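Quick heads-up: it's one chain on its own, the form predicted on its own, in structure tokens.
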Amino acid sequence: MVNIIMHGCNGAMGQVISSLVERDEEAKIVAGIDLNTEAKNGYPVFASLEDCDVEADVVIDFASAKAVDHLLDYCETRRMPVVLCTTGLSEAQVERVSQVAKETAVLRSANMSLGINLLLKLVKEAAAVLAASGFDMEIVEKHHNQKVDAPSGTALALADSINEAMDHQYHYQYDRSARREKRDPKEIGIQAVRGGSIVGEHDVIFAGQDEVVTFSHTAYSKAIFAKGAVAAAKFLKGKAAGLYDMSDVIG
């Protein structure tokens, strides 16, 4: 049994995870952290981490980037393992994650779904063959109109996976509206679409001469991210300090 503190428990993802864990015999949310403490949950909710006096094995974070600094300080001081699901972190925050991972177990992934993490592996293998043969590479991601960061963390992770296969020879192009020139063959285009209630769609396009290969992933509900986060929490319980990702969970 893994005992979980849900950071951001009354947000959309916090509530999805709470509902999922209610039916999981191997996990239990023992406390929640949220500025909104009025919502009804089957566990106590505190306005801050310092107010929480409940013992737990791991924190699952689905709050906001602005709350991550405080969370990392808390987990570092108490050597509390944390599944960090919040995206849109600054470079300084990403560096801070690496520092905290020297003191406790931290699992950070741009996307918690099994399918996306398999896709990361597949596009890396495809790039090694197709990019070397002159294929252009484009990533198109679509999300709901409430998402604040663009491009998505998953789109950037896909680009990084491709670039790793090509020895980091490529740069990322986010917007071509200000340019009137041909496409640079050493670029990976990344385009963001925001609208409606789209949960998440990612297309990785390899466009060659007379043929196109497209890898696609569509999320139909937030439950896939919740399942991944809970699986990550179970994995992280008792782990030594270090930086982990979903590939460790899947492996």
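Keep in mind the model is a prediction, meaning the values are calculated, not measured. Counting begins at 1, following the sequence as shown.
As for the form predicted together with a small molecule, it is not shown, yet the points below apply to it.
The candidate stretches are 64 to 72, 51 to 59, 208 to 216, 179 to 187, and the one lying within 4.5 Å of the small molecule in the predicted bound form by heavy atoms is 64 to 72. Contact check for Lys147: a heavy atom falls within 4.5 Å of the small molecule in the predicted bound form.
Though the partner is left out of this view, Ala12 does reach within 4.5 Å of the small molecule in the predicted bound form, counting heavy atoms only. Although the partner is absent here, Lys222 is a contact residue: one of its heavy atoms lies within 4.5 angstroms of the small molecule in the predicted bound form. A residue is said to contact a partner when one of its heavy atoms sits within 4.5 Å of a partner heavy atom; Ala31 fails this definition for the small molecule in the predicted bound form, lying far away.
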